[in-house]
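Below you will find one chain, with nothing else, as structure tokens; this is the form predicted on its own, and questions on how it binds or moves follow later.
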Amino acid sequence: MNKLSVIITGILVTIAFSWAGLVLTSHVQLGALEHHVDELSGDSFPPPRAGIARRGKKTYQELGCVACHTQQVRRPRDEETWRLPYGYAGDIERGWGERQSVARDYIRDEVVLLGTRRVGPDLMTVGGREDTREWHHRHLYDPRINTPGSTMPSYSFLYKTRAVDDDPSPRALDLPEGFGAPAGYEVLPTPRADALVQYLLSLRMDYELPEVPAENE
């Protein structure tokens, strides 16, 4: 019985030390991080996210986008592995960011959406790569418009179709032939679609942090 108690105690102590090393230590280190203030401009980085973009992030979570897209620009392992499609290396070479992402990039996020799978490309800097509202709305309405052969599902339910009448909306989507609404109708984004697009546009890393340079060296 005494030996059993010693073994159980040893197991519990090992688990406790492992938890402290992997979880508690990391939490303390990350909790001490603050936003970086540019000495010249006085701006803080990463910048805060606007309210509509924060609402869009909730839609992003509700739709399960994190199941197919990561938000973490990774450092290439060597000169060869970056060529692997949608792998874990070479994100800079693929144009998914000019530098690797670091812990400070996420300090303003209550929920960090790193993701684990890359069925589609990483989105950490998608707001800089595709910086127009129109591109993102078309992509959400039907990804095949921007990316022929895409396996991404359509989120057309985030949009509504209405009769144009004599008052066409300036917010209507400019869709190519074969993807648009029937003649006499137009496609408009709902508030959820607008918020989601603003969130995607907010995904950028166009600023410097002390840990990493802004440009790939």
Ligand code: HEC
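These numbers were taken from a predicted model, which means no experiment stands behind them. So that there is no doubt, residue numbering starts at 1 and follows the sequence shown.
Keep in mind that the form predicted in complex with ligand HEC is not shown, yet the notes after this line are about it.
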| property | result |
| --- | --- |
| Distance check, residue 191 to ligand HEC in the predicted bound form, heavy atom within 4.5 Å | no |
| Residue contact check: residue 153 to ligand HEC in the predicted bound form, 4.5 Å heavy atom | yes |
| Residue 136 within 4.5 Å of ligand HEC in the predicted bound form, heavy atoms | yes |
| Contact test in the predicted bound form: residue 36 vs ligand HEC, heavy atoms, 4.5 Å | no |
| Interface stretch in the predicted bound form with ligand HEC - options 43 to 51, 161 to 169, 57 to 65, 180 to 188, non-hydrogen atom within 4.5 Å | 57 to 65 |
| Those residues of 129 to 143 which, in the predicted bound form, come within 4.5 Å of ligand HEC by heavy atom | 129, 130, 135, 136, 139, 140, 143 |
